[in-house]
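Coming up is one lone chain in structure tokens, specifically the form predicted alone.
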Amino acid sequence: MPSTYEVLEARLQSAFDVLKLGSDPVLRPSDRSDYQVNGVMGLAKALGRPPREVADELVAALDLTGLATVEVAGPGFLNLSLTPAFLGQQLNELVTHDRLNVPVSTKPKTIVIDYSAPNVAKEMHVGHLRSTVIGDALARINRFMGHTVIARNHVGDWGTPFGMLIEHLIDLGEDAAVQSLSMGDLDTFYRAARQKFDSDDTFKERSRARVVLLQGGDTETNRLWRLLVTQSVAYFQEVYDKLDVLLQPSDVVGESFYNPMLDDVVTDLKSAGLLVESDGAQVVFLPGFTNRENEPLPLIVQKSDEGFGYAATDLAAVRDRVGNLHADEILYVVGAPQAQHFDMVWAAARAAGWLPESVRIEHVAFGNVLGSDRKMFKTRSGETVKLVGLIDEAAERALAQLQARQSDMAADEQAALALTLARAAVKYADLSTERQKDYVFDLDRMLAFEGDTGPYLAYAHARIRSIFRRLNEPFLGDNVAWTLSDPSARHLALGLLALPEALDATLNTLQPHRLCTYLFDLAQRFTTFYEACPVLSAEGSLREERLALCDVSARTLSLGLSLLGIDAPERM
């Protein structure tokens, strides 16, 4: 069934098209009425006519019979108030619909999402948090909407550093190296290798020779390299499991995967007349890209030493994702500093014919995680903060809060709930921030049960579920006689009907904070309703109506949080 918004927008569009085909009604929820039509001003300007005159003509052409009443307000806004019959019909559909009236896409797409991307033999740190949780949320929402999502965890698993890493592994011995890596001590392993490389010329020469063997396909070197990769990926999976992120080892498609494709990238760019030599390197010069001196900026595909640049790997990835995975949409959840690089890679791919205009490709850029000093978040000793350490600390603090509440919950149940709240706190704080902006990592604020936080929303859901545990009979919720006599009940009902639009806005803009904003607003609407409208002490049809509002509120919060990768606990 179409959502409330879709029904109204379709009627409005017909009226707007009478005056000017394709004009946008700009329908929005409103505090002054149920919905407001803001597109009259733009239409009036396009027609060169007074807005009030255009508004009156729109009202005359508009058929909202049985759906809503309409009035012209201010300089030319249209205020819409839903009829009780239509509102009740929409709410009854909502109560019985297992997807809360969110339709499955009629045009399902194949969407490749590139996210997380740690480096082999290096620790997953706070710098990986945003890519991981934003990418995971976009993957969850797109799958829920009916699209096929192919996750690509583009790990750094190739290149010259692996010469020194393999030699360090040999020095340690395989058993000791595996033990170190399996314990998640990746930073110690990498730093020790780097220190030897920088201070020991013999080790440095061995490392360089090992790179040659690796690139030449030497069997033993490849086995040792694979050991490094396998142990690192296993550790990454432990972090993902602790975060409750959906990525799996099968989603790891690292730089090494594209290595056999790079010669073809160079050959085909040359054949297309796009590759030129510059200072010994093979580069592509693309229109519109210049440096600070306004000189043409090169996209380096192959370096002067015949090694390949990152651009070659990224071009190979585009070709694979379009040609082999048949992607309709490709999303790169990568930090903002990579914006120009991606713009140049995609421009080159389009020029080469590898990236059709029909394929949507987007850089889902994000800002930084900062410490309380508003600098890059680090430990007190100045080291990068381990991602797994953040979750562990958050879980410890959440457990202390739960224990202080003197709950009758068993110890193991408290521990599980503490981890749930830790995930909710960390993920929600990240996702509720407009992704292009930096934010300060503050666990005290994130774990608070008040304000716009994950634990607040988790508690809101648990509080609603507690109502149904106190019922003496099962709640069916069918054929509710809706009156919505209290303004807070109507306000909550309108919020519940707006979930499809919140999800559409989230995907259209690739901004998970829009779904977070919707859920927080919904929780506040419920609190206002619950304070004004007694539920279990109400009687008859009024009790059924209020229970139905509670039920749909809990289901909406649970669904919305799950799409952000957050569990909604039944009790707290």
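Don't overthink the numbering: it's just position in the shown sequence, from 1. The structure displayed is predicted, hence computed values, not measured ones.
Below: the form predicted in complex with a small molecule, not depicted.
Heavy atoms of Gly454 never reach within 4.5 Å of the small molecule in the predicted bound form, leaving it off the interface. Contact check for Gln338: a heavy atom falls within 4.5 Å of the small molecule in the predicted bound form.
For the chain shown alone, His154 is a contact residue for the small molecule in the predicted bound form, at least one non-hydrogen atom being within 4.5 angstroms.
Under a 4.5 angstroms non-hydrogen atom cutoff, the small molecule in the predicted bound form lacks Lys204 among its neighbouring residues. Proximity to the small molecule in the predicted bound form, taken as heavy atoms within 4.5 Å, picks out 307-315 from the listed stretches 161-169, 420-428, 307-315, 135-143. Residue in contact with the small molecule in the predicted bound form (any heavy atom within 4.5 Å), chosen from Thr110, Asn119, Thr384, Asn222: Asn119. When the small molecule is considered in the predicted bound form, only one residue from Phe86, Tyr459, Phe342, Phe197 comes within 4.5 Å through any heavy atom, namely Phe342.
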